[in-house]
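A single chain comes next, written as structure tokens; it is the form predicted alone.
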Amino acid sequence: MTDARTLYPLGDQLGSVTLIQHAGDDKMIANAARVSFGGDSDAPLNARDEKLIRYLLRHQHGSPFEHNMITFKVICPIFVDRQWVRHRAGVSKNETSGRYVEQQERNFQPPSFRRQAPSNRQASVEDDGTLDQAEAARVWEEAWKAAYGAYQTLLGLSVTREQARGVLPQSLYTESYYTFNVRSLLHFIGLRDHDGAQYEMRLYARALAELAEPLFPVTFREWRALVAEQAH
């Protein structure tokens, strides 16, 4: 089924997640599990199916959640995408190539800057008021504009795009198509909408969930209930 709905996780009208298409539903998940016993059917989803989905999630029977597909078009900062591509099992990706096309002048500017977490090498904490936000914003903007200007200069010198892109900053936006099955999507959301994940990545994970949840409402309901139960 073809879909078209867009969310803007970073609130800047540049970074976005668009639901492109999907196939499958909660009933398909139940049927994929029941076919083992020859019990799949065309009947509408019922309470027994919902109970089965709950059982599958709680007992980590994952394969029935793989017989479906959700495709998103994602526009995100390169530094977000480079975390995203670590998820490979059950995920397909195609990205705009800087070898083929000139990179657009689209840059992510943080609305505020965070401090490095003192006890975690990869995490951040909110500014306690001691970080010079204005100066950080100035340095950020100056750096990316200088880098993009250098890129344009190299192209003007007839340097090939595949080399000129080497000077571009990770704050520029890139575009990709990502296709998940529900099993891989739940795994992604569970890891990336988490206190230990980078804040910008968490916003994208939430956008994926918001777009996918109406397509598989029973699965998401039971998964969220299980996650909440395990947190206590």
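Residues carry their position along the shown sequence, with the first being 1. These numbers come from a predicted model, not from an experiment.
The protein also exists as the form predicted in complex with another copy of the chain; that form is not presented, and the subsequent description refers to it.
Among residues of the shown chain, Met28 is one whose heavy atoms approach another copy of the chain to within 4.5 Å in the predicted complex.
Contact annotation for Glu105: none of its heavy atoms lies within 4.5 Å of another copy of the chain in the predicted complex. Within this chain, Glu175 lines the site of another copy of the chain in the predicted complex, having a heavy atom no more than 4.5 Å away. The closest heavy atom approach of Ser184 to another copy of the chain in the predicted complex falls outside 4.5 Å. Applying a 4.5 Å heavy atom cutoff to another copy of the chain in the predicted complex picks out Ile78, Phe79, Asp81, Arg82, Gln83, Val85, Arg86, Arg88, Val91, Ser92, Lys93, Asn94, Glu95, Thr96, Ser97, Arg99 from 77 to 99, in order along the sequence.
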